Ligand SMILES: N[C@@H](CCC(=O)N[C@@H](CS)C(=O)NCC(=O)O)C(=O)O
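Only one chain is given next, in structure tokens, and it is the form predicted alone.
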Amino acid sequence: MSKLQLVIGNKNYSSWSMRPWMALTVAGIPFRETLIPLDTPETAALVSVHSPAGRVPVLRHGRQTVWESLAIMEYLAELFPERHLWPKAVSARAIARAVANEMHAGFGALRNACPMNLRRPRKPIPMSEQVLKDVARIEQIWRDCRTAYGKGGKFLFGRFSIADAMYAPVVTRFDTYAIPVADDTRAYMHTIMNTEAFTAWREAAVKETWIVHADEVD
């Protein structure tokens, strides 16, 4: 089988890159990482070598190119069915796909107000009503998934899945911006942040020196 290459952006800022990187790493799927710094004069040209969409992340697998985080992870789930990147049960898998797609398409208020920035000191910022609505909805998703499907482990559907990868950057936002959350939300955040994959990503992120000014909200 051809080797996998994952092309990503800055680990400090690129939430979309973090998602498939976490999925690959937690699942123990070998891959080669190529990092392209974002928001530089060379970024567009460097990304265009790998991505027809002009964005990261991109998965290269032989002659196959897949872009968009969720599409990449769907491809990995089909390529490595034994890694169970989606829950095994049909009902659980349906809900996992639903909440993953809700994350992919929604929560714009939270994303815009609280960009992923792992180097930022933990401190709160003023939150609009829409941001707080996004936070409440995400907490409810996590609670419902854990209650209905999480009895086999500490993740949303028991064992780590694509759904967890999709929400991992949200965990960083809740943490970085000191957003008040319920105890069960905090417990799930600790589950994600205590994974070896997350720890490795964060350690690399805080060592980066590139600055994306649009994601520095202070």
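This structure is a prediction, so every number in the text was calculated from the model and none was measured. Don't overthink the numbering: it's just position in the shown sequence, from 1.
Just so you know, the form predicted in complex with the named molecule exists too; it's not on screen, but the next bit is about it.
Only one of 33, 175, 68, 184 comes within 4.5 Å of the named molecule in the model of the complex through a heavy atom, and that residue is 68. Checked against the named molecule in the model of the complex, the residues 83, 119, 137, 104 give one hit for a heavy atom within 4.5 Å, which is 104. Residue heavy atoms within 4.5 Å of the named molecule in the model of the complex occur in exactly one stretch of 49 to 57, 23 to 31, 188 to 196, 149 to 157, and that stretch is 49 to 57. At a distance threshold of 4.5 angstroms between non-hydrogen atoms, residue 16 is in contact with the named molecule in the model of the complex. Although the partner is absent here, residue 179 lies well away from the named molecule in the model of the complex, with no heavy atom inside 4.5 Å. When the named molecule is considered in the model of the complex, residue 171 lies well away from it, no heavy atom lying within 4.5 Å. Shown here without the named molecule, the chain has no residue in 157 to 174 lying with a heavy atom within 4.5 Å of that partner in the model of the complex.
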